[in-house]
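First, one chain by itself in structure tokens, the form predicted alone.
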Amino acid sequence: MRAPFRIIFEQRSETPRYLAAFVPLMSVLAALVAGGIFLMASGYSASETYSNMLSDGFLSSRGITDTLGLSTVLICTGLCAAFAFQMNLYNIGGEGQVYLGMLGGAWAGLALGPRLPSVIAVPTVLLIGAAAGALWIFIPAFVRARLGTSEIVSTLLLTYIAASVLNHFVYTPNSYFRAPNVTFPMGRAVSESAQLTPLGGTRMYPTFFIVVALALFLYWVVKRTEFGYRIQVISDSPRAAHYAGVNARRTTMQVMLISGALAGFGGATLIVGEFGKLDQGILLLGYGYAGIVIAALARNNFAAIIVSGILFSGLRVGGDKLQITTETPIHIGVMLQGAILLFALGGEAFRRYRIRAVRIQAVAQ
């Protein structure tokens, strides 16, 4: 028996402004519903789990400071992905650029930190970390700008090389970055002058406010400057940009280098902040990959990335504490992040297309 109607998708000539906020909100809610179904099917209480995550990640004083502290690097990786997306470029290697930013920052903290006062050493560590992240994306940026080679593959593959480089410097005996006389290999702590003091004995550092200011500055750059206008023109119509005299190759290089620098900056914040040394544990945390999800949820809006970065950080903090306070699997937070990405991407269909049910006319025999 045939259905009396069929579903069609009509592309919207103009997207309603309310959908810009409605789609991400519904994506989060849908992910929570899907997560709740998964929890109940696994024999856990969805309401109790979400209540604990909310309390541990957002409502307690310890939880909110832990969340804001973790969001520092997640906002950076979200900015990294979103800045490339502004020009329809896909920097999937933010994870590796975080590793290099951490490596560059650790070198600066060890080599230059003891010779500089803290007011100079900390910015130096952050800037060298950002430069290291930009350097790591240079080859993908160059081949993308000059040869049109896919940056998706090149940036992703370099992530695995970056992980090997980081492991090499930590595990190699007598490495400059390795702490001496330790049973288990670990990084050597940078100079105290290159480290920041946490706020009020929490895990939150002043770098959080620097990163928030950076996100707002990038929002202004893209929306109000000639450089941002060039990015939008190339993104909307590369052919029109060519006829307008816009140098697409140079702009591609600039956008990708800035994208890598943002991820590297995030890695360097871990050196002046929570880690204080080169730490191979970063390989298990997936901060760069989480940044792609954060950018997708924020629809590449730099101001919204602050909110989505804090949201994802709270999910991670609350999820990590679940196994301590309850018997709920610790991976529920990661599962929710993946669900949010899927629903956020699916929600784009509702933002771009109008769904209609069209009645099928009967055909006379």
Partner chain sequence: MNSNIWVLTSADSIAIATTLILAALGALFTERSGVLNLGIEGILLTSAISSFLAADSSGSIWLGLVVGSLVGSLLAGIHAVLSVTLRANQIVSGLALVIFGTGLANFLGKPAEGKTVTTIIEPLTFGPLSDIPVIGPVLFEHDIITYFAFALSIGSAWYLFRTRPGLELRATGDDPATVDAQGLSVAGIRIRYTLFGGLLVGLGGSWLMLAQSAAWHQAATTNGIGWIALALVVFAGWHPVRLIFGALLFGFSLQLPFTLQAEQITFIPSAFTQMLPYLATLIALIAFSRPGSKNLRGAPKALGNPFVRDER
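Numbering follows the first chain given and starts at 1. Remember, predicted model here, so these are calculated numbers, not experimental data.
In what follows, reference is made to the form predicted together with the partner chain, a form of this protein that is not presented.
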Whether L54, L214 and V307 jointly form a contact site for the partner chain in the predicted complex is the question; each needs a heavy atom within 4.5 Å.
no
At the 4.5 Å heavy atom threshold, is L315 in contact with the partner chain in the predicted complex?
no
Even though the partner chain is not shown here, does Y353 get within 4.5 Å of it in the predicted complex, heavy atoms only?
yes
Please run the contact check for Y176 against the partner chain in the predicted complex: heavy atoms, 4.5 angstroms, yes or no?
no
Would R62 count as a contact of the partner chain in the predicted complex, using a 4.5 angstroms cut-off between non-hydrogen atoms?
no
Contact assignment for the partner chain in the predicted complex, among I120, I161, V182, A111, heavy atom within 4.5 Å
I161
Listed residue (Q280, T251, S154, S191) with a non-hydrogen atom within 4.5 angstroms of the partner chain in the predicted complex
S154
Please determine, with the chain shown alone, which of 259-267, 286-294, 191-199, 99-107 has non-hydrogen atoms within 4.5 Å of the partner chain in the predicted complex.
286-294
If you look in the predicted complex, which residues in 163-181 sit within 4.5 Å of the partner chain (heavy atoms)?
S164, V165, H168
